[in-house]
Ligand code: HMG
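Okay, here we've got a single chain as structure tokens, the form predicted alone, with questions on binding and movement later.
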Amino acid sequence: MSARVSGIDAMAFHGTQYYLEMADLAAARGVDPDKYILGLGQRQMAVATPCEDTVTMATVAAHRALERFDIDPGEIGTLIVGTETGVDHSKPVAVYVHDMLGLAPNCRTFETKHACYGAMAGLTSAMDWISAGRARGRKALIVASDIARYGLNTAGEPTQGAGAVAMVVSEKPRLLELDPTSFGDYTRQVMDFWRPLYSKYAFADGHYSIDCYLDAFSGAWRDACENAGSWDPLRLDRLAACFYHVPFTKMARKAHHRHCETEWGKKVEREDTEQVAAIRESYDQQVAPWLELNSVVGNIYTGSLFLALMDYLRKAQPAGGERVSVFSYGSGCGAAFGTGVVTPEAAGLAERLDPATHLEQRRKLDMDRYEELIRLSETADHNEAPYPDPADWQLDRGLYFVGTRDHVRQYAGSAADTP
């Protein structure tokens, strides 16, 4: 029996109501703005208020995906939330989202955690669920939702961000048909980035993590070639676009450089001018045009790869039939590389998934308000903390976290009302 086809049928993004200009952060920290804007490739970063958390962002993004693509919540048979910033060591974010969306009781739910790889793990699990015949005509809802927060005056401060990307996976995808024969995996135990149970903030070995990321790409790509039976279907000259995990947008340049080296079977140094020029041209055509959303949202961990895919689908106006690649990396580490084919319907649906209106409605933070927000967020979910009030942040409508009472998280409002 041949495997059932599946792919991404709907997508939507939801971030925060506030953002910070990277130039303002640089000025406040006594840093040349080009270090952040050119060196990291970041222009702005989304900043979550104490009333915005992984649950609220995931729920709003999921609601938008279902509503804008005319999907009945009753059609969802699996809900997976990929996150590395969950709200409970035991209770999954997915259960909160399931309740707030009003999904059916026979919908299975769980949370996937493997640093920034969690959402890809959910996506491939949904593909397997459909392929195995367990879906029975239903669809899967996969949500990547995270808040990247490293604290004030830290090395990681300019690589923060927050947001959620929701994807509906079905047997008749309207956006991207995923090719299961082109997916490959890689896993290795490394200590490049981790967050102990007792810490609000992660620990990282930044340079080592980049090396781990690049090694994982080569390993996952080679496994994908073995799965496909040949590297020929995955060749760069057959790909219309390449999407990578981007904790900061310049990471995509490093990843694409390794992509070219891995395919060519040789290391390319600066003095190899012809090869360097070829990599630059490939990057400018296949990667760089689709990083705008990442540059104004910042690091959203599990969702960063899929935010780049959304940027392509909203801007490229593909005719259908274009093959694209996706690479997800999660520290610790786990990774996957695969490809998919854009559907003929995708171009006509670009407006439905474009988050431009939401991003235009965000409000700019000044440094004093930003630093106050970060400090308050550190303890906003503590049981003894004052209840965070959306009105304090001019959040007059929407779905928001409003504190912990008797050790139970409380939410108010509706995803349908969130701007």
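Each residue number is its position in the shown sequence, starting from 1. This one's a predicted model, so the numbers in the text were calculated from it and none came from an experiment.
Another form, the form predicted together with the ligand, is not on view; read the next lines as being about it.
**Student:** Answer with one of Lys315, Lys200, Lys250, Arg134: the residue that has a non-hydrogen atom within 4.5 Å of the ligand in the predicted complex.
**Tutor:** Exactly one listed residue reaches within 4.5 Å, namely Lys250.
**Student:** Considering the ligand in the predicted complex, which of Asp368, Asp70, Asp34, Glu360 comes within 4.5 Å of it through any heavy atom?
**Tutor:** When the ligand is considered in the predicted complex, the option within 4.5 Å is Asp34.
**Student:** Quick one: does Leu152 come within 4.5 Å of the ligand in the predicted complex, counting heavy atoms only?
**Tutor:** No, Leu152 stays farther than 4.5 Å from the ligand in the predicted complex.
**Student:** Can you work out whether Tyr301 and the ligand are in contact in the predicted complex, taking contact to mean some heavy atom pair no more than 4.5 Å apart?
**Tutor:** Close contact exists here: in the predicted complex, Tyr301 approaches the ligand to within 4.5 Å, heavy atoms only.
**Student:** Val95 versus the ligand, in the predicted complex: is there a non-hydrogen atom within 4.5 Å?
**Tutor:** Val95: no contact with the ligand in the predicted complex.
**Student:** Applying a 4.5 Å heavy atom distance criterion, does Tyr213 contact the ligand in the predicted complex?
**Tutor:** Yes, Tyr213 sits close enough to the ligand in the predicted complex that at least one of its heavy atoms falls within 4.5 Å.
**Student:** If contact means a heavy atom within 4.5 Å, which one of 390-398, 370-378, 62-70, 34-42 is the stretch that engages the ligand in the predicted complex?
**Tutor:** In short, 34-42.
**Student:** Listed by sequence position, which residues of 331-353 have a non-hydrogen atom within 4.5 angstroms of the ligand in the predicted complex?
**Tutor:** Sequence-ordered list has one entry, Ser331.
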